[in-house]
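Single chain ahead, by itself, as structure tokens, in the form predicted alone.
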């Protein structure tokens, strides 16, 4: 009995419609990245496991896909793993190729990543990330440009979003103020789940992670802080008065908001003090973008990392970047019916013929049209006209050029517009004008 074909859980096949839609997302994002001077690179699907381990926190390390070595010298080869994200491989790339790069280095990267996660709606084991980073500059202009990119990408895609922003220095200051600086990772991992599990569950997790009741109680004003952006920043200056790092985080956020005022964005931006982002390498501003009209979680996220390259021998190089989750963006566009309707209409005209001589005639026309950058198909055999028309219908081809003996004699084709059914006899130049 033949084995039933299948694919691993958390992965997907993409047919022609899905690919047309995915390329629409990728092309939109690439177009915006290029406007700001970012250039594309790629890195291997696999990295040495030492490159990946210890960069994503304890929970992230558990989700790494490891690759079993094979071949004659398998026992001697370094263990490898599929990349978990694009940022750590990017840091490795920068250090390895630093002599070839001009800093600040502005790169974007659109490739798949893998996580051994439990598959569910909006969460896959294999998915694409669209990363954009600037590395080699401490300037907060980097944060500003990334926020501008977010606004323009989602404006072009037609998705209403809100960008949540915080600063890891503020979170470090909070940990310092409540007397638990060594628990910064535990605190950030727990409060990052506030939207998903609620304040009571977060408080319970904080206790599980080793905070005492007094420390958890001291956190509550932060978890419940409300008001305008300026009111929140003013309150933070008071709360964090005894923390140098915390006040530095507030000052950085103030500068980002001042820059945002200059460029006058229409993007919804919210200062969210419970935003932590679980990755250990963030040290400054952190971002998360959520769709306002769809319940799917974060669709873009990122932040500043001051010393990610230090783990590979190049200390003190600051960077900031964000990642667009292409698969979640796809799901949002599908749910809200925002994909352009004409995406699958790649072929503009199909040649349908009645015989071998007509087929050869059509091939010459097709060559002329393609030379003028018009997408053309020739039905491969002169079969029943109903079958050829059905093919054009299935592929949503808007025009069919019918070739019979009369058309060959007059050096024309009978052009049928599929949506209306209207037919007219046209010359090559007239066909080009219509298409």
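Take the two forms, find the largest set of C-alpha atoms that superpose within 1.5 Å, and that set is the rigid core. Positions refer to the first chain, counted from 1. Quick caveat: nothing in here was measured; it's all calculated off a predicted structure.
This protein has a second form, the form predicted in complex with a further copy of the same chain, left out of what is shown; the following refers to that one.
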{"query": "Contact check for 124, 337 and 402 against a further copy of the same chain in the predicted bound form, heavy atom at 4.5 Å", "finding": "no"}
{"query": "Partner-proximal stretch of 218 to 226, 138 to 146, 287 to 295, 173 to 181 relative to a further copy of the same chain in the predicted bound form, 4.5 angstroms, heavy atom", "finding": "138 to 146"}
{"query": "4.5 angstroms heavy atom contact with a further copy of the same chain in the predicted bound form for residue 378", "finding": "yes"}
{"query": "Distance check, residue 47 to a further copy of the same chain in the predicted bound form, heavy atom within 4.5 Å", "finding": "yes"}
{"query": "Contact label in the predicted bound form: residue 410 to a further copy of the same chain, heavy atom within 4.5 Å", "finding": "no"}
{"query": "Touches a further copy of the same chain in the predicted bound form: residue 204 (any heavy atom, 4.5 Å)", "finding": "no"}
{"query": "Of 95, 185, 197, 251, the one that lies within 4.5 Å of a further copy of the same chain in the predicted bound form (heavy atoms)", "finding": "95"}
{"query": "Contact residue in the predicted bound form, chosen from 354, 330, 128, 281 - any heavy atom within 4.5 Å of a further copy of the same chain", "finding": "128"}
{"query": "CA of residue 41, rigid core aligned, shift of 2 Å or more between the shown form and the other one", "finding": "no"}
{"query": "C-alpha of residue 83 off by 2 Å or more between the shown form and the other one on rigid core", "finding": "yes"}
{"query": "Residue 29 C-alpha relocation of at least 2 Å between the shown form and the other one, rigid core basis", "finding": "no"}
